[in-house]
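Let's start with one chain on its own, the form predicted alone, as structure tokens.
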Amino acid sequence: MSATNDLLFRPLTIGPLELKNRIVMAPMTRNLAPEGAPGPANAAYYRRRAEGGVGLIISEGTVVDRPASRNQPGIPFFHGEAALAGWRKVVEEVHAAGGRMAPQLWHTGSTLGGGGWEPEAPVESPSGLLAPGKPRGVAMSEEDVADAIAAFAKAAAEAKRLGFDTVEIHGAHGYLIDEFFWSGTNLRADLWGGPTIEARSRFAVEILRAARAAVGPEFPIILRVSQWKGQDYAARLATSPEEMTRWLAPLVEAGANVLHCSQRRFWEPEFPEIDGPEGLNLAGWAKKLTGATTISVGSVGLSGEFLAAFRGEASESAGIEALLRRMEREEFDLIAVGRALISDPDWAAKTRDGKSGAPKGFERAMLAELV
């Protein structure tokens, strides 16, 4: 292991959570949980990444107990006896291999899934919109909002009860929580909407407060955020550091210990007009503005970015020099690796010592099985 690579393998402590390195397995939808319950193949899949040296594994998105909370049929639940028993086995396997793990809790809102599948209940969102000017589903009532907040809190409590080390709440990519953030999909005039990012963040704030009450003061909570949406890659919630502070600081105050800042390409600066083409990325600005621990992510270790990959373009293994430069200046605290860990469960070990050969590239066909 080179002295430079050592930057990735420094330990990190977040409250009671002790991580052996800075590598996170990014949450990646696999859509391979029959009847919503993870089975032995899912548990073995996550265990292999722990055996391969990943410090923290974040599960694929797993849905809270609300109707129409998933947008594909094979996405796992995080409620119900069968699903929770499956998740208990998953985390036991990861722990047995020396890893640490969080489930990612989500509700996909009014987003579309693949293959024409539709949930039995109408999809729900703040204002019954898929995107600005594009109706889909129903607007949530006050009772729906309260029930959704309670569902996230209950799932967070279940994560702690099952033995997970932390929990991630998905507030990004145009899913339900992000649809509340986004002025284009939140047209509400009640307490859950408004003209400012602070007003539209109340739903997320209340989820975090409820989750914090459910898990206690020490259990770490991660919140995933993004500017871009699946509905609009160019969307921006915050166009300045000041607006970003008004968005993120209340979320940290409400209970988020860690901000997982999703970008399509981790090396792109968030506000190049302020600090230039090598300036801070989204995670860097989030850390600077809030003081929270941050995770960066976005096309790490591969030649192509992930949206192109899902259109069928293959990616080759690539160097991590740009990543290491940013970690050397302590821009962010952790780096999440996605497709490189789908294709190669030993990516972390190979990056550390190089003794097992070069990491593998990624092809879309790899999404069809749990390697």
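Keep in mind it's a predicted model, so treat the numbers as computed, not measured. In this text, residue numbers run from 1 along the sequence as written.
Form predicted together with a small molecule: not shown, discussed below.
Contact here is defined as any heavy atom lying within 4.5 Å of the small molecule in the predicted complex, and by that definition not a single one of 54, 99 and 220 is a contact residue. The partner is absent here; in the predicted complex, the one residue of 63, 327, 26, 33 having a heavy atom within 4.5 Å of the small molecule is 26. For the small molecule in the predicted complex, the listed stretch (291-299, 122-130, 272-280, 240-248) containing residues with heavy atoms inside 4.5 Å is 291-299.
For the chain shown alone, residue 173 is a contact residue for the small molecule in the predicted complex, at least one non-hydrogen atom being within 4.5 angstroms.
Although the partner is absent here, residue 107 is not a contact residue: none of its heavy atoms lies within 4.5 angstroms of the small molecule in the predicted complex. Shown alone here, residue 345 lies farther than 4.5 Å from the small molecule in the predicted complex, counting heavy atoms only. For residue 111, no non-hydrogen atom is located within 4.5 Å of the small molecule in the predicted complex, even though that partner is not displayed.
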